[in-house]
Structures are given as C-alpha cells and as structure tokens.
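There is one chain below, alone, in structure tokens, taken in the form predicted on its own.
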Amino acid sequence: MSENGLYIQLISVHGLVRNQDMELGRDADTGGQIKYVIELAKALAEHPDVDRVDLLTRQVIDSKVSDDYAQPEEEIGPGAKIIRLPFGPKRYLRKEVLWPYLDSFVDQALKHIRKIDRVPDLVHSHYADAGYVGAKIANLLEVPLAHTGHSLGRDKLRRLLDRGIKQESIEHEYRISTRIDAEEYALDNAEFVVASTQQEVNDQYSYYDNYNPDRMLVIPPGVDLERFYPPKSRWFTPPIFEELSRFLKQPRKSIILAMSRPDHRKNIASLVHAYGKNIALQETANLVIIAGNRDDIQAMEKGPQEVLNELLYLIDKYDLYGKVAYPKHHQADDVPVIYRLAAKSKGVFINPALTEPFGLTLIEAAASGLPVVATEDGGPRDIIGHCNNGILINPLDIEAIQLALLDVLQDRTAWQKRSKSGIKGAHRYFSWSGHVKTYLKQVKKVLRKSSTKRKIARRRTTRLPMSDRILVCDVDNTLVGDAESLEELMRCLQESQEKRIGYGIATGRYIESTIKTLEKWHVPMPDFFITSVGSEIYYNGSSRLIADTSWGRHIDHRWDPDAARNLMQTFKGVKLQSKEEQRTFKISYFYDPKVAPPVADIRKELRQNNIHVNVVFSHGMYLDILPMRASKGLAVRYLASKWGFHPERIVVAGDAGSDEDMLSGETLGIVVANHSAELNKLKGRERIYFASQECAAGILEGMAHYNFFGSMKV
C-alpha cells in the first residue's frame, strides 16, 4: 500500500461497460455484473483509504454500438476510471468468443501499468474470463488476487444438463469446459473470493476442485440509495409512464413488475403462463415486463430472440392485450422510476428466475418500497430473509407463482408492512458503504500477510532494456536441428546488433544441458535463458550467468513438490525422468498415453488434493509439474514487464505444447513446420505464423513475415 492510499484494479472483460446510461439487458453479457463493478469502483474510490481505482475492460470499436465503448478512458468519479484495453477483434463479441484473445488482454494490462508507473495493491477479477487474466496479472506482479464469480460454470452446466441439453451442444454454445478451467485457475490463485450469499459458497463453489471455504468472503452487493427510494405521496406521470400506458387499458391498476435480460434462465415464460391462466390476477393488476432494449427481434442473438418471440406468442395465446406492457426501450434513469411507479400502484416485483446467484433487482425493489416474490434459489433467500418483504416460490410451479402474487397484492395491510420492512432492510444490510468497509478490512488483512511486492523494475544498465526488439526461441527442434539454417540465423542476428536486437531462449532443458546443447551446435550465448519449462531465468553476465532470484521467489508461492511427487506416484504410466531433469521448481516425468490416465484427470486429481501446480504436457510423451506461477509464457511476460519490452516487439518461436502460452497473446508467434500436433489448434490466430520450413529456417521465414529486421508488422 502506497503512502497515498490503495490502488485497486478491477477487471471485467466482457459486455458493454460505461458509467452513464448503462445498456443493462441489451444482451446476455450486459447485465447486473456491469452495474456491480461500476458501483463497486465508485464506492471504493469514495473511501478515504483508497487513492485510485481502475476498472479494466475491453475496448470495442464497432458501428453497431456506441462510440463511448471505443474511448480509451472514462471517468466514473473522483479517483475511479474505466480503462478500455484493445485486444482481439475490434468489433463487439459475446464472451464465449473472447477466450482465444485473453492473453492479449494480460499484455495490454501490463502495458497500462507501466504507462501509469504504478503497481496495484490488489487485482480483483469478475467472472471466469477476468479470473483467467486476473490470475496471470496478479502472479506476474506478485500482488494478491480477489475474485468474484457472479455466476459459475459448473452450476450452469448442471442446470443445462437437467433441462435435457446434450453435453456436446452445451460445449459448442458456451465453451463451458474452458470457462470451468478458468474458474478453477482463478480459485487456485485467489487470496480471497467475494460471494454474495452463503448459499453461493455452500451450494455452488463447493463443486470446484479448488474450493476452500476459508478463503470465501460473503459480502452482499450494495444498492445506490440515492437513486432507489420510495415514491412520494401523490401519483406521478413521468415519461416512462406514458410509454407503459400505450400498452394498458387501465394504466393506474396495480403493477406486477418483472425486470431482467431476455434470457431463458430468467424464466419470463412461466410468469406469463401464470398471469395468463389466472383471471383474478388479470383483474387485480397489470403485468409490466422490462426485458432489455430491442430494435428488431430478428436481428438479436438466438437466445434473446427465442425468449422475446415466446413472450409475444404467449401474450397472443392468452389474449393479454391491454393488460401486459413490454416496452421496446427504456433508459437507465427510467429504472428507479419504474420501481416507484410499481410501488405507488401498490404492486409487486417478481423475479421468477430458474437460478439467481444474487438478485440485485430485489434489493432495488426493496429500497423503493416494493414487496417481492422471488425464486427460492440462491440470493433471494438471503435478501428476503434480511428484508422480510416478500415470498419465495418454486419458479417452475405456476400455481405457486399465482398464489404468491395474489397474496401480496390483495392483503393491503401485509403489503404496507412488507414495503416498510423492505426499505429498512435495504438500508441496513445492502448499502455500498457497508460493503466497502467489510471489503477493505479483508484487503488490508491480505496485504499484511503478503510478502514484499515486486515493483516493475526500472531500466537497468544492461543491454536488455535498450533492445528495440527481442527474439525468443525454443531450443530442440526449433533453434537447433538444421546446421545450415541455424548458421544463417546467427549471422543475421550478429549483423543486426546495431539495431538493438535482443535474443533469448526458452526451453524445457535445465541450464547445464541447455548450455551444452548450444555449444554443440556452435550457438552464441543469448542475452537471457528461460529454462526448465519456464521455472528458471538466467541472464548472460560479462563473466558468468546471473540467476533471476526474484523469479524463484515469485514462483515459490504455494509450491509443495513433496505432495506433488507423492500423488504422482499413484498414477500408472507416469515415470520420473533422470535425476538431472528434476529441478527445485520442476518435476519431470515420462508419460505413456497407452497406460496413463488423461492429463486432464491428473490435473483434476492434483487440484482436489489441494496441490497447486501447473501441469505441462508436450511432444505426446513428457509431463512437467511446475509451480502454478511458472511457464514459458509467464516467464516471457515477466521479463517483458521487468525490463520494459513491448510484447508486440517480441517474436517467439516454438514447436511443442510447452510453448503454447508463450506463443499466445500480444507477442508475435512463429510455429516451425516440424511442430507437434499439440499446436495445431493455434492455426488461424492473428499473431501466430505457421512456417512452411523446419527449425531455424522456419524461424527465418517467420522473421521475414514480421519484417523483424525492418519496421516490424503483425
């Protein structure tokens, strides 16, 4: 923590993020999480112990969305900013498509940190994709990571399977296995996890291999009590009332209000069935459904399109014209007004979602004096338990929905009690000031325990930080293998020294074996070595090798090699390599795919036994167990951060699975023609060039593609 106060970095990768006129409900990616992180950033910045809050998200340049999302920065309030980082395609994309580009987000985030010349005291990731990048950023900077899942992949998978959807379809639509792996990675690295309810901790996080209840912190989100408050004594007719009145024959009847994204999980159809089948409900109240904003339903994504088409069909089926309002558009400032309109009408708010991790709309309704009916799943149990302002229902029980709504609407004495109790409970349990107080208490506790942070190093008096561009090569079957092309590559590098070109290697070999191999092939000593699959870093000093001891301290975090070895002994088809291959931060095995369990099962078993490691599989036969902070890719990014290299000025070349994370991201990748099949999945990536030639000839081909000795290009 600096003398001026904490610097907290929030990360929320997907969706459309802006401070004003939030487009909540526009699509499945622009929902409550966007509002949560904006209001959290604002509330944190208002606390006297916090100096700066940056909310890192994705820059979107797309004619189909507002130019606001293309602006590199936006102020949220004093001390808080949205920082939009460019990565992947410029256009707006749904979150499931962003996974291949997340390593670029890491590089852009590190570039931002160097630009402002300040390392955050805490990184806080939101959702699985941010958990993946947040863990990498926090590891590279040696700062604590906090994580909030918002919704969890294992829970979603379970519910989709319960609906009869096939695993293959779920994987194709949601990239669910990638999401779950990212969640496991975030949980493995997080110092603490912020959950909204105890039910979320007990019934959702407990399905994860890296579940640790001691690191779970339950803090309900807050609500902006300056925006959400009860109606005044007299009736009022704001513009949104006129919009609703277009649909309703008797617009001043009580309102049954539902507000959510047009998402199958929100279960809007069951609500319309319940209303359409019950004449008493129709006589008592109008139904108002705020389901995001739309221009043309047919132009929307498949999921929202299906939900809205079903909504229109059911309104027609039950002939609910004049009784149901479903406006196409509303503004963010309309939302608190709609709650107050419903409260003034002596109405009720309903959240019939199939699953609800929290339910921020329920708190907004409570603060507005509007009683609620809500699903018995997840957050609503805690909210109604605190506020005592409504009824929990089974969202699939149509009759239960009908009875609960009638109960709230028809008993006016109970309505008044629930209204007052909701207002009181919202103020007592769900204020942002209370949330931040608990949050910062945990942050300070974590920082006190943390070892001294590694600050981004200033440029030093060595040739490395003076380099304009860097070449990093794997050794076996990449740099070496063809003597003639290797000689040509070394000659080109030697002749270009005046252009400030740096050169390093990244290999699975240990340092002594690496040097022996380079000498055998007459390769000049590089400026730096990344050896033992990224677990060791050395610099070429004037008279000796210099180990980067700070890298060793960095990756030692939660490293328990004895526990890893003991568990690995239980697997068939996995045999330790020679003693020389075993290092302080690397355990190496031969892997027989005919006998050994799948690598994914080995990873899972290690996780479930609370062994925090990075499992690297390469060449179809080698298995390396490393600390979770160690890999070739993380080592390259560590060096880029430490010495001030720009990732897009780093060319990396490799041939095997252990090179994958080094090849991904903002660096420029070269895959030589004689590569392992493990890298085929990288074909088509914008910044990865697959050479037609092998070994050093392939490196030269890739360097020519990027114009490495000239202006350089992607």
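Just so we're clear, the structure is a prediction, and the values are computed from it rather than from any experiment. One-based numbering along the sequence shown. The term rigid core refers to the maximal set of C-alpha atoms that superpose within 1.5 Å between the two forms.
A second form of this protein, the form predicted in complex with a small molecule, is not displayed here; the remarks below concern that form.
Judged by heavy atoms within 4.5 Å of the small molecule in the predicted complex, the contact stretch among the candidates 554 to 562, 280 to 288, 586 to 594, 398 to 406 is 586 to 594. Contact check for Tyr622: a non-hydrogen atom falls within 4.5 Å of the small molecule in the predicted complex. Proximity of Asp263 to the small molecule in the predicted complex falls outside the 4.5 Å heavy atom cutoff. Contact annotation: Thr178 falls outside 4.5 Å of the small molecule in the predicted complex, judged by heavy atom distances. The small molecule in the predicted complex comes within 4.5 Å of no heavy atom belonging to Thr355. Only one of the listed residues (Gly508, Gly359, Gly422, Gly131) places a non-hydrogen atom within 4.5 angstroms of the small molecule in the predicted complex, and that residue is Gly508.
Comment: the small molecule is not present in this chain, but in the predicted complex one of Asn210, Gln577, Ser485, Ser151 has a heavy atom within 4.5 Å of it, namely Gln577. Here the marked residues Val533, Glu581 and Ser618 all reach the small molecule in the predicted complex, each with a heavy atom within 4.5 angstroms. A displacement of less than 2 angstroms separates the C-alpha positions of Glu73 between this form and the one not shown, with the rigid core held in common.
With the core held fixed between this form and the one not shown, Ile530 has its Cα displaced by at least 2 Å. Once the rigid core is overlaid between this form and the one not shown, Val475 counts among the residues whose Cα shifts by 2 Å or more. Relative to the displayed conformation, the Cα-Cα distance from Ile625 to Val143 grows by 3 Å or more in the predicted complex. Between Gln59 and Lys632, the Cα spacing is larger in the predicted complex than in the shown form, differing by no less than 3 Å.
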